[in-house]
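The data below hold one chain only, encoded as structure tokens and taken in the form predicted on its own.
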Amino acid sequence: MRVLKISVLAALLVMAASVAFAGPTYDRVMADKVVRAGVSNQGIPFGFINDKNEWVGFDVDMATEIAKRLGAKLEMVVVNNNTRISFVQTDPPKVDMVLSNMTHKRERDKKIDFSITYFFDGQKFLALKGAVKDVKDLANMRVGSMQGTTSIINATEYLKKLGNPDPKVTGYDGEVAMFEALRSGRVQAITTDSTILLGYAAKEPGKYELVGDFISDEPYGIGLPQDDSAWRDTINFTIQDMWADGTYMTIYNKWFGPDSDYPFPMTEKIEMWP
């Protein structure tokens, strides 16, 4: 009888531990076998609609692979710079994860959780080819960026360092509107993460160029609901497994390799845990 009691107690402890490590998002995804991913449809080359009216991009492929490895169906939801955080804050969350070229910042981490860095970028400026002879020229130019991003803050501080005591950086509602402001001449340069700028510059090859060095580091994380460690661990382990078996670099080279439309050399390695 004593052995039976000990066995029952051990089983209860295992069950309690399982409950302690599980979380609402992890439980629902594992039960329903559906994972909802918030992805941009304007963020070339991360998530966008191509000429065939297909939703494609680096983030789309990453989300697809994560869902596949979890044995779950992927449901993609459109997010933008103003909704990508709020969609994982709602109760229940509208999405289980957000892959939308979102920089992992301490301020954002107070609102939602993040995965390990899954992409390494930096902020630059894009202008008409030859329009900027020296980066100091940017100080007196009309500059545009996107609403709801840290790019405006970074650009404002950078332009001050270049000599403009009171720079005005205009914020636009999304990547398309920002790029259209440059094309139409309403601004003379735009600034955000360099891969986004490369994506839009590729629409008109040879017309635009990236200017200067990186003015910030932009480590992208997958946005996740707050305080669900089981779900966060699952996403982190999956990213690391993709790196370890080469799948990550296959996806990376498809979009950013030397033979792609948006060549951008890999600068860092994914954080790996033994």
Partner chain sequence: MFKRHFDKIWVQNLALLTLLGLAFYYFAFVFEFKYDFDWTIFVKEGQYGHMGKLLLGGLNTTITITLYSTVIALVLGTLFGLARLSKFKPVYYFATCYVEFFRNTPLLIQLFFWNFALPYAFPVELRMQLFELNFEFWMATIGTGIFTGAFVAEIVRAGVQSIPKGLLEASYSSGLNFSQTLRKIILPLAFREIIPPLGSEMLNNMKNTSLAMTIGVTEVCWAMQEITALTYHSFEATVAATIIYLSLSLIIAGVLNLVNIKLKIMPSGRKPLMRKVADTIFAPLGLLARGVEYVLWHLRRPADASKTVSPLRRLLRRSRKGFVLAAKAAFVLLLGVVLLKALVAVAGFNFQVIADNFVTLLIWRFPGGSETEFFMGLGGLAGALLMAAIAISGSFVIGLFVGMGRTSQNRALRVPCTMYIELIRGNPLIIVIFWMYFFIPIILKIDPHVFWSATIALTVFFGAYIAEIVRGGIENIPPGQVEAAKASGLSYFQTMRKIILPQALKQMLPALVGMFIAAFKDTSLAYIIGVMELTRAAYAINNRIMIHPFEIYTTVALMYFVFSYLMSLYAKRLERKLSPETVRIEM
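Residue numbers count along the first chain shown, from 1. These figures come from a predicted structure and were not determined experimentally.
There is also a form predicted in complex with its partner chain; it is not shown, and the following applies to it.
- Between its partner chain and the residues 117, 80, 194, 164, the one pair within 4.5 Å by heavy atoms in the model of the complex involves 80.
- The contact with its partner chain in the model of the complex, taken as any heavy atom within 4.5 Å, belongs to 183 out of 136, 129, 160, 183.
- Only one of 61 to 69, 236 to 244, 25 to 33, 40 to 48 places residue heavy atoms within 4.5 angstroms of its partner chain in the model of the complex, namely 40 to 48.
- Interface residue remark: residue 125 is not counted as part of the site for its partner chain in the model of the complex, having no heavy atom within 4.5 Å.
- None of the heavy atoms of residue 214 is located within 4.5 Å of its partner chain in the model of the complex.
- Its partner chain is not shown here, but in the model of the complex it comes within 4.5 Å of a heavy atom of residue 150.
- When its partner chain is considered in the model of the complex, residue 104 lies well away from it, no heavy atom lying within 4.5 Å.
- Along 159 to 191, a non-hydrogen atom within 4.5 Å of its partner chain in the model of the complex is carried by 170, 171, 172, 173, 176, 177, 179, 180, 183, 184, 185, 186, in order along the sequence.
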